[in-house]
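Let's start with one chain on its own, the form predicted on its own, as structure tokens.
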Amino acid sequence: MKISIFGLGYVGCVGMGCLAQSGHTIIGVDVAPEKVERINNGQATIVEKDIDDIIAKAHASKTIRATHDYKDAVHNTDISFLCVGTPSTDKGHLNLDYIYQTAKEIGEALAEKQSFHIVVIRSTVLPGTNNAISTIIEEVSKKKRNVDFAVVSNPEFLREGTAVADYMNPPLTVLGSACPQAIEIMKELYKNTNAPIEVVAIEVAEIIKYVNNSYHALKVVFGNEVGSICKEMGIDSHEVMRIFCMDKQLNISPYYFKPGFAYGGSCLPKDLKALNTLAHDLYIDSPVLNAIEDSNHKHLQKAIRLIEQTNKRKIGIMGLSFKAGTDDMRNSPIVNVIEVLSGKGLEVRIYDKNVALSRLIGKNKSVISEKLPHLNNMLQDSLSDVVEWAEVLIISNKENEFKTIPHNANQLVLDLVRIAELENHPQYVGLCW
């Protein structure tokens, strides 16, 4: 394919070399004369493993060149990659001036071009940018989006030092566009890449890089806080984290990465508090570890606010234990919610087939006596009775029987755990989705 790349910095230079290596013809565009000159001399614009040799070979085979002339680049290619910088402003916002200016230039070029053209956003941009760029190009070119041209969001996942290897072997390729034709062409472009291709909503493609990098930053800080605690105790922190990373079932896995309700149970709250207390006793500052419980509490408060905003008084709770298939109510977040609601005078009825007052012993019994002394008046034996009575149904764990609960169209369903089978209800509300 014939491809133009706008921006010959890190992402653009690596993309140019790797696409050329895959057999495509590339025209690079940049406002910096030295970058254009370097490419036209067969030299990379960055320092990165393997890229010098790749650019030199591509230049020798005449499959790459660079120019300042954006119209020349657009007119002689079918796909334009936007790889221009999106630096932060002093207040932390993105400066999108460069990418919007590039969109304007592409629009000017497309005004003089008849064939279909694809604009691919590789720069890291916030949700809404794809639409903004499409609007700019549409207004400047007088062409129609998804007919005469299309904009595809295609975030990059490159690490400096291994960028070439990452480009050729990414974890996945993400594509988001409102144009099926453009998606099919991009799938063809990436068909030999050793990675699954995920076609997603545009906004998902736009935000995923921010989620990735924020989590990577969190991992670094988490590891450093653990390291500081371990060092103070004379423990080998690298050995601790090596063992931590060996657990692919929970630690390094998708298991806990599903937006839902607040965490609870006996282990997470207790052990987090113990580690924070240990750090405090050792005079170790661990702000990330300290922030976890507060963030969890704020998420619980969000659920309470959503319930209160319904202005309904009859609240049916589906599930009392912190996890489906158990009767464990130790630190069950829904118990705290019920305590607040009943304290404000709302009527609450609860159904949980695993919880029976006659079987409560130990900590489970003390939780109820302290927080829900009137549970015997709230707990119901019949699921259908609670559903029929309630104005609002709160789904707080993933018992299988909750997938098919009978409910009427006038009844609000507030799902705290995401049960997909309920999402077609006309008054369904998810806690954070």
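On a predicted model such as this, the values are computed, not experimentally measured, just so you know. Just count from 1 along the sequence shown to find any residue number.
Quick note: we don't show the form predicted in complex with a small molecule, though the next part is all about it.
Next on the checklist: Can you work out whether residue 85 and the small molecule are in contact in the model of the complex, taking contact to mean some heavy atom pair no more than 4.5 Å apart?
Outcome noted: Within the cut-off, so yes.
Next on the checklist: Using a 4.5 angstroms cut-off on non-hydrogen atoms, would residue 39 count as touching the small molecule in the model of the complex?
Outcome noted: Answer no; every heavy atom of residue 39 is more than 4.5 Å from the small molecule in the model of the complex.
Checklist entry - Looking in the model of the complex, any heavy atom of residue 32 within 4.5 Å of the small molecule? => result Close contact exists here: in the model of the complex, residue 32 approaches the small molecule to within 4.5 Å, heavy atoms only.
Checklist entry - Do residue 98 and the small molecule share at least one heavy atom pair within 4.5 Å in the model of the complex? => result Although the small molecule is absent here, residue 98 would touch it in the model of the complex, with heavy atoms inside 4.5 Å.
Checklist entry - So which of 139, 239, 160, 285 reaches within 4.5 angstroms of the small molecule in the model of the complex, heavy atom to heavy atom? => result Only one listed residue qualifies here, and that residue is 160.
Checklist entry - So which of 80, 332, 123, 177 reaches within 4.5 angstroms of the small molecule in the model of the complex, heavy atom to heavy atom? => result Contact residue from the list: 123.
Checklist entry - Since the chain is shown here on its own, which stretch among 152-160, 129-137, 292-300, 249-257 would lie within 4.5 Å of the small molecule in the model of the complex, judged by heavy atoms? => result Partner-contacting stretch among the options: 152-160.
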